[in-house]
Every structure is written in structure tokens, then in C-alpha cells.
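Below, in C-alpha cells: the form predicted alone, a single chain.
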Amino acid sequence: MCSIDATDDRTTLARIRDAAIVRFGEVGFSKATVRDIAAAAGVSAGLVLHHFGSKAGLRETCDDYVVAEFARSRVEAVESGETDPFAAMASVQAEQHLMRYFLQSLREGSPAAGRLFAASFEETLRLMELSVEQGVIRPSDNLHDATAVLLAWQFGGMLLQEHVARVMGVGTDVAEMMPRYACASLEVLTHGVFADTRYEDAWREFAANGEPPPTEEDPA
């Protein structure tokens, strides 16, 4: 469990929030106690409840902060002109306590998970629109749905991080895994996988008409 040091100049509320993010990410919301969080922040349990009302109120504050940090990191990456929004996940993942918190919420299927994902989607969609304007990514016929799929891929890959690392033959440490994971992801995102549009065309036909286009074996 983390604890503060004598040089910590954060506000009391920030110390409590940060300690809660770490503890919720480590053991989950149900197992984390206000007493443990208070001890890590160097305050009393009563002061935690005084500021946040309840453990649920504290989690809501943590949700807001984590979503805002994800948004800040993505937007700064794009506005810098130095990288693209998905490479920016490397810098976000470097903040392991934030990522553990988010992934723990998704694993638990808690009410906070839906709120966090929806808020992240809105921030990511805004960033995707900005990225199109700046020429970082190509325009899309349906940027809304594309954003939903890409966000699901991002967090799905992180939920399966241990399994992905195992088949890649690397450790789960960010410094070891991220270069391999980022390079593979960006190759797919930059160059694509399929050599032509036959599968996309078939699924667009299905989406439009409710039936896939006829095949050579089953002519119209």
C-alpha cells in the first residue's frame, strides 16, 4: 500500500483521491476500505468521509479524475503534432495506477465501469474528430462506430495483457511489453490487414440490406 512522504505538497483531497485510485485498482472497490485509504493518504477515516461523504462518493471523484487524465493525455499528444492518438496510450499506460483502476472497474462490471467507458468514448470521439481535422487519421464514413470499436480494442487488449505478453514472449512490464504491443497495433492501424475490400463490401451490403451479397456458389 502506498503512503505519503514529508515532501508531499498535494492538497489533502488530492492525496485521498490518489490513495483511493491506487487501492481500488489493487483490490477492487468492494475489498478496499476507507480505513486503508485514509492510512495511505495520512489522514483519518473520518476526514475521508467528511470530504467525500462515503466510499461511493470517493469512487465517483476518482472516476472523474481518471477520465479527465485519459482525455488530457490524448489531447496533448494530438495537439503536440508529434504522435497519433493511439500511440498516446503508451504515455497513459505509463500511469499504471490509473490504468489498474480503470481495468479493475471494467472487470467488476460495476456501475462505475459503464460511466467510465461512456465518458472515455465521448472524449475519444472528440479526439478522433480533432485528429481528422489535423490530418492525423483518415476520415471515416462512421467515425462514431469506428471510435467505439477502437476503444473496445484498446481496453480489451489491456484486460488480456498477461495473455498477450505470454504469447509475445515478453514480460508485462510496460517498458518491456509496450514497444512490441505498440508497434504491432500501429502497423495494423496504419497499414490495415486485408489486401482488398471484399470483406468490407460484403458486410456493408449485409448492414444495408440484411442479406450478404450472393457468392459464386450461390448466384442471385
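A residue's number is simply how far along the shown sequence it sits, counting from 1. Being a predicted model, the structure only gives us computed values, none of them experimental. Definition used throughout: the rigid core is the maximal C-alpha set that superposes within 1.5 Å between two forms.
If you look for the form predicted together with the DNA, you will not find it shown, but the lines that follow are about it.
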Seminar exercise, completed: Assert contact residue (the DNA, in the predicted complex, non-hydrogen atom within 4.5 Å, options 47, 177, 39, 164) equals 47
Seminar exercise, completed: Answer key, the DNA contact in the predicted complex at 4.5 Å (heavy atoms) among 158, 189, 151, 34: the residue is 34
Exercise. At 4.5 angstroms, heavy atoms only, are 115, 120 and 147 all close to the DNA in the predicted complex?
Worked result: no
Seminar exercise, completed: Answer among 64-72, 180-188, 49-57, 167-175 for heavy atoms within 4.5 Å of the DNA in the predicted complex: the stretch 49-57
For this session: Evaluate residue 12 for contact with the DNA in the predicted complex, applying a 4.5 angstroms cut-off between non-hydrogen atoms, and reply yes or no.
Result: yes
For this session: Using a superposition on the rigid core, decide whether the Cα position of residue 170 changes by 2 angstroms or more between the shown form and the other one.
Result: no
Exercise. Versus the form shown, are the CA atoms of residue 163 and residue 31 closer or farther apart in the predicted complex, given a shift of 3 angstroms or more?
Worked result: closer
